[in-house]
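Only one chain is given next, in structure tokens, and it is the form predicted on its own.
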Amino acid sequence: MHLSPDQLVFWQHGPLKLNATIAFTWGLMLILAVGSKLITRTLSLGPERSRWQDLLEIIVTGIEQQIEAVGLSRPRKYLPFLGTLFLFLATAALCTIIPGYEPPTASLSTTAALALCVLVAVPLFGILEQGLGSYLASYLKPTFIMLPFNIISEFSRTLALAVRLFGNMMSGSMIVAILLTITPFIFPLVMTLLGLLTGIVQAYIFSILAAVYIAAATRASELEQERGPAPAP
């Protein structure tokens, strides 16, 4: 039983090593890249469409609706980032039914990397919407005394994202591994199915939280656009 996929090493040469976290992370990225290429190569605008295209449109439309529900008025702009986050986490959870598979999200290094992606994306989208000066000025609101607290909040919520995802994903894997050693096969199978549901829920929660943070960073610009230009004196 491995506490983390980092402990399962496939190859090592001196300080260089290939563990399960790296291998399965790149494997998931390869699956997503090849799968998206195969599905999108024969897209049709007519009434006759493949089942894969119908599934793709359902997923994309559903993600767009969730992004818009959070408060982002232009979901297509944020779909590549937030959609990729959700699909990676969901695929990582669904693949747990494959024997020998170790979910990379059970490693703190993977969840920390995903949280760092959110940490970079939030100010990036905020700057694109508001401009560099306006975005940096938001750290001084409502008063300049709040500057250190606003900076701390950026890093603390990133840490919270990583720890939350790591704890929830690892706990499910640990429970199944322990039950496999002390109980018959049927009960761990039920727990595995429950873990699949938990993994999908965690993928949804992580993506929604990322969207909420981005919405908070871009909200000021959208409010100014809704109000329109100030009336001339």
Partner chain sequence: MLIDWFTVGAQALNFLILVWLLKRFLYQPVLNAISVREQRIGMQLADAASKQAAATKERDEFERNNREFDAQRAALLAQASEQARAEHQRLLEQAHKDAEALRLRLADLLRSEQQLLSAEVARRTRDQVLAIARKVLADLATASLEDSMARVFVERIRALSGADRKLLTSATEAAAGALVVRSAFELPAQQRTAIEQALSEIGASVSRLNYETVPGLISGLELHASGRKLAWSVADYLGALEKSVGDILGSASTPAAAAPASGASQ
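Residue numbers count along the first chain shown, from 1. No experiment lies behind these values; they were computed from the predicted model shown.
One more form of this protein, predicted in complex with the partner chain, exists but is not displayed; see below.
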Going by a heavy atom distance of 4.5 Å, is Glu57 a contact of the partner chain in the model of the complex?
yes
The partner chain contact at Pro80 in the model of the complex, heavy atom, 4.5 Å
yes
Using the partner position in the model of the complex, report whether Leu136 sits within 4.5 Å of the partner chain, counting heavy atoms only.
no
Distance check, Trp26 to the partner chain in the model of the complex, heavy atom within 4.5 Å:
yes
Can all three of Thr40, Leu43 and Ala113 be found with a heavy atom no more than 4.5 Å from the partner chain in the model of the complex?
yes
When the partner chain is placed as it is in the model of the complex, which of 92-100, 72-80, 144-152, 128-136 ends up with heavy atoms within 4.5 Å of it?
72-80
Go through 5-43 residue by residue and record those having a heavy atom within 4.5 Å of the partner chain in the model of the complex; state none if no residue qualifies.
Asp6, Pro15, Leu16, Lys17, Asn19, Thr21, Ile22, Thr25, Trp26, Met29, Leu32, Ala33, Ser36, Lys37, Thr40, Leu43
